[in-house]
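Consider the single chain below, provided in structure tokens and representing the form predicted on its own.
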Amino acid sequence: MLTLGKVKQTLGAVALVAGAMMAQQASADTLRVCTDPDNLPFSKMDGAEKGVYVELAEKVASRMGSTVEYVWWLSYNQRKALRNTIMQDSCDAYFSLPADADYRVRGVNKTPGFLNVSYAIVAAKGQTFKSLEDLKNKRVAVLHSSPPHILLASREGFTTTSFIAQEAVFAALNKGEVDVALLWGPSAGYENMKDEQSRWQVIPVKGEGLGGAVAVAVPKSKPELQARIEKALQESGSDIQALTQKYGFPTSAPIELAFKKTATPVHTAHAASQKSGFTKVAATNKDTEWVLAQADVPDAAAGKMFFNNTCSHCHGTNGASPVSERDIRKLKTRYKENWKETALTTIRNGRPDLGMPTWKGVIKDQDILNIVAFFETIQK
């Protein structure tokens, strides 16, 4: 016979089980999405415009029969954002990561790519571009240390001006200070639509390091959820197209930014020009090697002017950067008697992995010597 106490105990147990089941069901019906709180046109925590990723997440969740709960985290350092969100099981999906198989993140899988994004040419309407060669003889604006900046700096025949912010690039375009720009396509398209009244054409490009597909990251421990998200993404093609148009993403066919392949020349040593700071030496089937040669007397004053006009936005006026690694005044302290050779090599060959473009073929040999002569006057 059940006593009153046993009845209460049984009912309590049933209530606990029911509560647990309800909580589990609620969790299953909520898609926790990690995304950046201030990164339009991709995502925004508040305001009328939510961004492509936020609006797409809501479409995906709706097709899954779920609601969305957001975990906001700034994504300047994407891997750090992942470590502190999805890898801590504080969210179920991260919008979005490069779909490239070479971009691996421990502990997460990725859906197939659902959207292609890339850099883009921003130019006056009516101009046509078929290849990178069409940018020669034009003043090209780039963002400092961006892939287009490094790409053009490593090639001869291009005139670039680097900027820190995209807004400054559009200002220069509007003033006629530059002819075209190479900018991140989604951001440039959004600003062109919102602030420039679609004054410019924004043409996507393709090429190594210039773009690719993006995907949704899901914890490896949740393969069933990944399958549901993938199915919802496949059903959201028209939504994705509408969202990219809404936020001004460039949608035309991308232009291949590649050079025509030509036979690699074979160089032989020869005397230096009186106007050259370097001379070619024997090189077979590889890039030309350069060594210091007889040149005009380096002009430190000219080097100072050139440096402050070209390099000070990164290294500080007169080389006095508050960032120790970029402070030109410390070269002699850091590299001892080899500091000049190190400076010359770094300017010519760059350090692309650290954001330093390759300037060989962009800056004249004599200007490089002038810059290093200026460096000599400021060493501590």
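For clarity, a rigid core is taken as the largest C-alpha set superposing within 1.5 Å between two forms. Residue positions are given as counts along the sequence shown, with the first one as 1. It should be emphasised that the depicted structure is a prediction, and the values quoted were computed from it without experimental measurement.
As for the form predicted together with a small molecule, it is not shown, yet the points below apply to it.
Q: Would you mind picking out the stretch of 29-37, 314-322, 47-55, 65-73 that comes within 4.5 angstroms of the small molecule in the predicted bound form, counting non-hydrogen atoms?
A: After filtering at 4.5 Å, what remains is 314-322.
Q: Any chance Y103, V108 and P186 all have a heavy atom within 4.5 Å of the small molecule in the predicted bound form?
A: No.
Q: Look up in the predicted bound form whether F249 has a non-hydrogen atom within 4.5 angstroms of the small molecule, and give yes or no.
A: Contact check for F249: no, nothing within 4.5 Å of the small molecule in the predicted bound form.
Q: Answer with yes or no whether F163 is in contact with the small molecule in the predicted bound form, where contact means some heavy atom within 4.5 Å.
A: It does not: once the small molecule is placed as it appears in the predicted bound form, F163 has no heavy atom within 4.5 Å of it.
Q: Is K336 close enough to the small molecule in the predicted bound form to count, meaning some heavy atom within 4.5 Å?
A: Heavy-atom contact with the small molecule at 4.5 Å: absent for K336.
Q: Report yes if any heavy atom of T310 sits within 4.5 Å of a heavy atom of the small molecule in the predicted bound form; otherwise report no.
A: Within the cut-off, so yes.
Q: With both forms fit on the core, is the shift of the CA atom of K44 between the shown form and the other one 2 Å or larger?
A: Shift of 2 Å or more: no.
Q: Using a rigid core superposition, assess whether F306 undergoes a CA shift of 2 Å or more between the shown form and the other one.
A: Yes: F306 shifts by at least 2 Å between the shown form and the other one.
Q: Closer or farther: the CA pair E156/C314 in the predicted bound form, versus this form, with a change of 3 Å or more?
A: Farther, not closer.
Q: By 3 Å or more, the Cα spacing of V169 and D367 differs in the predicted bound form; is it closer or farther than in this view?
A: Relative to the displayed form, V169 and D367 draw closer in the predicted bound form - a change of at least 3 Å between their C-alphas.
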